[in-house]
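Okay, so here's just one chain, in structure tokens, the form predicted alone.
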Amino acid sequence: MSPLSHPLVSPPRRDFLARAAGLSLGVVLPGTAWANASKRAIRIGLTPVFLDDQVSFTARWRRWLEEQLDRPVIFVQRGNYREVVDLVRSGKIDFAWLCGFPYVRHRREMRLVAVPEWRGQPRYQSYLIADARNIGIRSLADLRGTVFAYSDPDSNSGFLYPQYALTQSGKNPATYFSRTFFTWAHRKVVEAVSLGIASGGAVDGYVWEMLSEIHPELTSVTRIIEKSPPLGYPPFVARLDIPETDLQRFRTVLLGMADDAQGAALLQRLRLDGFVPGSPDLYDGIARMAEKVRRS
């Protein structure tokens, strides 16, 4: 019997497990108007996001980018950061929206294009969350011996920060929890905790805050027990050998997004202020955490 069809797996848990399993599938979201265009398409890598109408949103974003770039655009979606990073490093895609952790690990093999601004700054935080119904869990120390959900092994907020927090307090992340698992999306971490599949988890603070607006039924049964220091927001990067004209054009389009009516509407859907050029040193804090975890 499949684990997903087992009678002891409740419908909400069954739904969560089925959707989480489906995230490993690669998806190419091509353009339509440009299907037979003679100009070379710009290929942009994405990982799963949390918008309910993800396909609708990416279709609108693609059409806007095509108008701004005067080029066909293809979104290439994969289920985890590592697959997208491999596509960038091998030159199979031109740009990607990545997490800061894989960027600092491979920044010699890619170029920084632009960084989103959220709530007035190009930074965000990792949130460690717990099941709010368990009143005994108020800190990371209270999660010892419980089940803990990570988002992705290459995620800064969903993996690196909790590993760092534990090692800094002299704990071994490999043995601290009774069991850990990856959900492969930040929203799925919140769902896992809200459904009681995990007692705690690590999630992108931006995702948690956005979910609190559009799906308060998920976040209301979780409790934030710790926040990381502000860290560089997940950046847009380009393959190392991208033509300079392509990079500068794409950067200009992203930086001007907030000044365009349709672009601003798309940013509003993402709850972002806009994009700024950013700088590699914005990610030095993540690099320091990664080094300390590596040496522990």
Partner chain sequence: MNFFSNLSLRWKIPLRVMAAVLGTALAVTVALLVKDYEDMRLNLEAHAKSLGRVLANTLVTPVLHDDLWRAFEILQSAREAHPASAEMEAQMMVVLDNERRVFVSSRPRDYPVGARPEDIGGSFGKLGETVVWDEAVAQQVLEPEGSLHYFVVSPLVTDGELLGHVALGYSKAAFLPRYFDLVARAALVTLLVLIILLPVSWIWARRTGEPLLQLATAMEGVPANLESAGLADLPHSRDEIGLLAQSFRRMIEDLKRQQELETQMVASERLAAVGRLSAGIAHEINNPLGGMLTAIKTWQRHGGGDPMAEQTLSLLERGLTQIRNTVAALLVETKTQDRPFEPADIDDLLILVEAQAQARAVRVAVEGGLALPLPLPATLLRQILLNLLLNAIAAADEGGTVKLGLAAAEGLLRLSVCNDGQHIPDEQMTTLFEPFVTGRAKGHGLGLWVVYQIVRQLNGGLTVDSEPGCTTFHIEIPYAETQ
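As the structure is a prediction and not an experimental result, all values here were calculated from the model. Residue numbers count along the first chain shown, from 1.
Another form exists, predicted in complex with its partner chain; not displayed. Remarks below refer to it.
Visitor: Examine R133 and determine whether its closest non-hydrogen atom to its partner chain in the predicted complex is within 4.5 angstroms.
Guide: Heavy-atom contact with its partner chain at 4.5 Å: present for R133.
Visitor: Counting only non-hydrogen atoms and a 4.5 angstroms cut-off, does T219 reach its partner chain in the predicted complex?
Guide: The answer is no: T219 has no heavy atom within 4.5 Å of its partner chain.
Visitor: When the contact criterion is heavy atoms within 4.5 Å, does Y161 count as touching its partner chain in the predicted complex?
Guide: No, Y161 sits far enough from its partner chain in the predicted complex that none of its heavy atoms falls within 4.5 Å.
Visitor: I'd like to know whether F181 contacts its partner chain in the predicted complex, with contact meaning heavy atoms within 4.5 angstroms.
Guide: Judged by the heavy-atom cut-off of 4.5 Å, F181 is in contact with its partner chain in the predicted complex.
Visitor: Quick check for you: of 185-193, 206-214, 92-100, 120-128, which stretch puts a non-hydrogen atom within 4.5 Å of its partner chain in the predicted complex?
Guide: It is 185-193 that comes within 4.5 Å of the partner.
Visitor: Considering its partner chain in the predicted complex, which of I197, V84, V73, L143 comes within 4.5 Å of it through any heavy atom?
Guide: Looking at the other structure, the residue within range turns out to be I197.
Visitor: Report the residue, out of A165, I225, V147, L112, that has at least one non-hydrogen atom within 4.5 angstroms of its partner chain in the predicted complex.
Guide: Of the listed residues, the single hit is V147.
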